[in-house]
Structures are given as structure tokens and as C-alpha cells.
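In the form predicted alone, a lone chain appears below as C-alpha cells.
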Amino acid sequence: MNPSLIAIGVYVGVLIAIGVAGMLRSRNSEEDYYLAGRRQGFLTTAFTIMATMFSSAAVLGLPGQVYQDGFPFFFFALNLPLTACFVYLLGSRISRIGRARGYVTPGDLVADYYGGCAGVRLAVALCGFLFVLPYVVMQVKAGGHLAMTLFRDDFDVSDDALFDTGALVFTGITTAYVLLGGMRSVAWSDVLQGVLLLSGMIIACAATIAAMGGLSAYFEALTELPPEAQSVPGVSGAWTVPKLMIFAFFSGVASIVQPAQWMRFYAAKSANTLRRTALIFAIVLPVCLMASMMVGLGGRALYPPTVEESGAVTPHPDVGANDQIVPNLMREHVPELLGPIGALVVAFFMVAVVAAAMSTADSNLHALSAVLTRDVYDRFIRPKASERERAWVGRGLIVILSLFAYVLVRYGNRHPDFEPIKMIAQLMLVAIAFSLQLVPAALDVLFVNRGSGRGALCGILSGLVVVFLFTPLPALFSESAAHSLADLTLDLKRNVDAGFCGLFVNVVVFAVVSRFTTKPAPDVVKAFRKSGQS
């Protein structure tokens, strides 16, 4: 039997056990189901924040981007030390305010500051939805690709059937243990998943270097890469210096204000817990991400892609797709390098890939359930619903959202030209661009205190519209309009990120509208400042 199948089977069994243990410890309340009673300790908080961020994009998508474009994308790793700073500065303040005022979702905090504005609450929920959906789709897609890579030689079925089965099994297992134990199960599983995926990338990097003949041979092979793979803007010409620097900075803060991370700040035992978490985050994650990217760069030397005259990059036939470079490299080279133990190392790494995907999918499904239940169902559909009813509605939403993500992934696999479902790394970039539109309102509530509710609402909506125009989504409504927008935004896309364009418009609109509309009363501002400093 395939060792990877055994390893994944054991891993899944442990996850279900964690889900059951979380259920036995839980109480039937929203605060317990969504925030684990606000009593998460240091290690659990650190691993759940890191595992939520270090998704299949980091294990598959980002090495795939390095494989495609070469060394320039390494600069993306600069976002991790910055993100640690944001965990320290924003996270600790969000934690204090949330604990003092009993908040569960980002919308609770932001909308309450702006006088309970329904429009702001819905806009914050929309930012969360637009971030979470691409991220969950990305993880389900990774599950399908992993099954196709691992078990192609073990089952006499088509690649499409393997992909669909892998994606469905992944979706079902993730949904099951989130339903069982809520935040407690998700956080406990993230500790296991975090250890697996972080150590898995270190092992993958070591195996890649060994397969290339050692460290000196590895770097010698890199010097022989084409010049465009060793310099900005990369092989595809997509990563100019301004775009890289802008994206590295703003992707960090965008990943921190997304719903799953925001709720982890609420769940932490204290603000001091988050300060210690930020230190671990700044040390551990950059090392692991660099290791991940080194695998992608080594893969480019071993399996050179073809660069067309148009600039398009076609992966090597043995790779298949850019974001499959890591599993393919491990599967081909580790067994021949390590002999019998190589199969176990590959199995361990594949479990790490599953862990990376699950640790992000479970967190985002759980958070989006809270957002839709608290900010939509509770406020606009059934305001008098009991806490027990809301908890069950949240569970039902997890099932619905999981199935929706699976249907999207399956359709995208059957229709390769379906633009909204593309390479894993691209889904991550779109999700971050949407999440970034919450940053101006969050910074105003937490630190600046100069905006108005209407300004925040108009700013968020205008930023989301701009990001929407940069994505493949307009093609769903009008092909001609999509081509016109592509021509219009071509120069901007070469130099800046879509999220930054939306952020710029967002800030301008926010400031102008706030100048002429009513701001929160001074006593409200004072109360929030006091809660954030206590």
C-alpha cells in the first residue's frame, strides 16, 4: 500500500479525534464555539495564527511562482517580519477591545465604533467573504491536486476522477472536525498541522539540495539559470521593484485583518500572549517560507520551463503545472536519494501539504460562519434568534460554504478556461487584495479616530469595486468589457498590485466623505481608546 495513503489515514484519524475532544470540552455558546472561551494560551495562539497564514499557497503556490519567475519573488518573504509587527501592534489592541466589549467578529468592533452602522457591518462582512471564499477554494483545489499527484499510479482511474475524489474527501474531513469542536478543535488541530507543515518544508528544502548534489552544487546550478530568472522583474515580467515592495508590505497587514486572524486575537488569553506570538512568528515563519521558495528555485534548475516568445511560461512536461513543482520534485527525487526511507519522507511531506491546506481551510470556514451568522443572520434575518439557534445556523453555513467551494473547484477543473479558478498563488493574491480594503477602517478605529461611518462604508465599497475590476471576475458578465478593462489596467498591473490600487481609492474616498459627515462622538472615541489601552 502507498505509504502516503497510510500516513494521511493516520493523520485524518488524529484530526477526527481532536474534533471529538474539542466537542467534549465545548459549551453550547457562541463565545465558546467561535472563540474557545477567550482562553487560548501562548503556544496554541502562536501555532494557530502561523498555520492559518501558512496555507497551501506557501507550500504549493509560492514555490510555483518562484519556479515560474525565478529569484525576484523571493522578496515576497519580506512580508513576514512586517506581519509579525502587525500582530504585535494591531492584534494586541484588537484583543483588549474585543475582551472588554464582548466582540466576536471584525464587524462587531468596527460597526460598534461607528454607531452600530448596518452598512459598515455588511461592508466588513463582505470584505471577509471575498477574502475567505478564494482562500477556501485554494485549499480544496490543493487537496485535489495532491490526490492526483500521490495516487496516479495506485488507482486505475482518470486524473479528473482522482482530483474530484481528493477535493471531496478533503472538504468532508475539514468540515467534519470544524463542526465537531469549533475554535477549540480548529486551534488544537492547527498545533499539529503547524508542526507538520513547518518541519515538512525544511525537510523538502534539505531533500532538494541533496538531490542537486549538496549546497555548493545547488547554488552553482542557480548561477546557470537564465538572466531573467535572476533579476527583477522576473521571467514573466510581472514583478517590478515597486510592485514587489508594495505587495510585500501591504499583504502582511491584509492577512492580519482577515476574519480568521482577527478572531484569533479575540480568542487569545491576553494581549501579552499576542506579543510573544509575534516574536515566534517573526523568527519561525520567514525561515520556513525561504525553505519553501528554495525548493521552487531548485525545481526550476532541475526542470526548466519553456519561455515562449510572448513571455508566457510553460512548465516542464514532468512538472505539469507551476504549483505542482514541490510535490513532483519530492516524489521523483527523494526515494532515489534516500532509498527505502525515502517513501516515508515523501509520505511525511505530503501529510504536511494536507496540513497546510486544512489549517487554513478550517480556520477560514469557521470564521466566515461566525461573520455570516453574527453580522447578517443575527442582525438582519432573525434578530431574536437564541444563541443556540445561531450556533446551529453557523454549523449549517459551514456545510453550505464547503460544498460551494467544492463545486467551484470541480467546475474549474472540468473547464480550464474558467478564469476565476486559476493557479493557487493567483487565488491568494486576489483574496489579499479584497482583505486589504478593510485596513483603512481598522486603522481608524484602532489608532487614528478621525473617520466617519459613512466615510468607512464608501471607502470600503469603492476599494472593493476597484479590486473587482482588476480580477478575472468581470469576464463572467461581459467578455468585451473585460477586454477593455484589461487594456485599461495593463500599465498599472505592471507596476502596482490590484489591492494597492483599491486601497488608494479607498483612502481618498474615506477621507473626503469623512470630512463632510458626522464622526463618532468624543465619548465613544474615548471609551474605545481606554478599552484598547487597558
Partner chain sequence: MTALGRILAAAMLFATAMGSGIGIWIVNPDPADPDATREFLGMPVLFVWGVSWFCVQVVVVVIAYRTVWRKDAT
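Numbering follows the first chain given and starts at 1. Keep in mind that this is a model prediction, so the values were computed, not measured.
Only in words, not in the display: the form predicted together with the partner chain, which the text now covers.
- Proximity of Phe71, Arg275 and Ala282 to the partner chain in the model of the complex is complete: all three residues have a non-hydrogen atom within 4.5 angstroms.
- Within this chain, Arg96 lines the site of the partner chain in the model of the complex, having a heavy atom no more than 4.5 Å away.
- Among heavy atoms of Pro81, some come within 4.5 Å of the partner chain in the model of the complex.
- Taking the partner from elsewhere, Tyr411 is found to have every heavy atom lying beyond 4.5 Å of the partner chain in the model of the complex.
- In the model of the complex, at least one heavy atom of Val287 sits within 4.5 Å of the partner chain.
- Contact with the partner chain in the model of the complex, defined as a heavy atom within 4.5 Å, holds for exactly one of Val232, Leu401, Leu464, Ala207, namely Val232.
- Checked against the partner chain in the model of the complex, the residues Leu180, Ala211, Leu222, Leu122 give one hit for a heavy atom within 4.5 Å, which is Leu222.
- Of the stretches 196-204, 347-355, 129-137, 248-256, only 248-256 has residues with a heavy atom within 4.5 Å of the partner chain in the model of the complex.
- Residues from 250-271 that approach the partner chain in the model of the complex with a non-hydrogen atom closer than or equal to 4.5 Å are Ser270, Ala271, in the order they occur in the chain.
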